[in-house]
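In structure tokens, one chain follows: the form predicted alone.
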């Protein structure tokens, strides 16, 4: 079928890129400090941007590592431990690429089911009570990828209390935190316990993913081991890309751009949620998110992911495999990104998804 609607990746639309402003930033960065951004340097990242982030997050600049996307800094952190030695808990479903990284370092996986009332930490608590060590717990506390959910405040306090009592670290992934469209912001785990939290975020969703600028604020005892892996991997990340981000932020353009992004994405969120109300009621369960890029849908009928995706293609729709967000199962989960699609594409895509479910074979 022609005109396939892709409800797959959560990518910013091209119209969200401030190309003219970034061109100015690139010119001024190259003209202003070429010796700093075109030469080999430290693996920690561009110092002015680290200092700026330190002011924003009330952190020590020496505990901030900027890398080629926040996911790579996470990979450096995980690789700083011997392969096969880590036990890591996380929400399930969760970001599929994090699961891939954890499997790559042969970590022992401890999934905790994500429910409407927040993550169920029973499995984590049981492991801890049995004396089993846990090194990290990974959480996307604001507008989670893939469900769009927000971790309730009481769950944040519960996780922090467990981390303090049992001496493990929280890895808090916050790429969507600034993309809140309604509701009140909650304290992050990092704000509740900075000494226990590896807080990671990026400028991919806020400026442009192609710049590949992400960062992590680490407890001081984890910083140098992570930076050493980064140094051994690529000596240093691209300072030019980081300088563009720094110039963009220094001019106050990020704050201006966020106003545009929130208007753009909140509208598309509403278009998708309204379409789901019309077409998917009775077929799926979901919750309208307060921010981010995604609406997580749980198909009520029994389906197999392979069959569902192939059947959807016959209806002109490409879906993401929900099993990638789980260690086991996930057939009935479908992540629906609204960020990159125009209104008509969203409307047609959701209608096709409903038709796919209504005509699902068997």
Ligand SMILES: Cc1ncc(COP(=O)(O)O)c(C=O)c1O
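These numbers come from a predicted model, not from an experiment. Residue numbers count along the first chain shown, from 1.
Below, we turn to the form predicted together with the named molecule, even though it does not appear here.
Does residue 71 reach the named molecule in the predicted complex if we count a contact as any heavy atom within 4.5 Å? Contact with the named molecule, yes.
Is there a non-hydrogen atom of residue 140 within 4.5 angstroms of a non-hydrogen atom of the named molecule in the predicted complex? Within the cut-off, so yes.
Considering only heavy atoms, tell me if residue 91 and the named molecule come within 4.5 Å of each other in the predicted complex. Taking the distances in the predicted complex, the answer for residue 91 is no, it never comes within 4.5 Å of the named molecule.
Could you confirm whether residue 180 comes within 4.5 Å of the named molecule in the predicted complex, counting heavy atoms only? Outside the cut-off, so no.
In the predicted complex, which of 22-30, 63-71, 50-58, 300-308 comes within 4.5 Å of the named molecule (heavy atoms)? Selected stretch: 63-71.
Every residue of 95, 145 and 214 near the named molecule in the predicted complex, heavy atom within 4.5 Å: Every listed residue reaches the named molecule in the predicted complex, so yes.
In the predicted complex, the one of 204, 233, 127, 266 near the named molecule [non-hydrogen atom within 4.5 angstroms]: Looking at 204, 233, 127, 266 one by one, just 204 meets the 4.5 Å heavy-atom criterion.
Counting any non-hydrogen atom inside 4.5 Å, which residue from 176, 190, 169, 248 sits next to the named molecule in the predicted complex? The option sitting close enough to the partner is 176.
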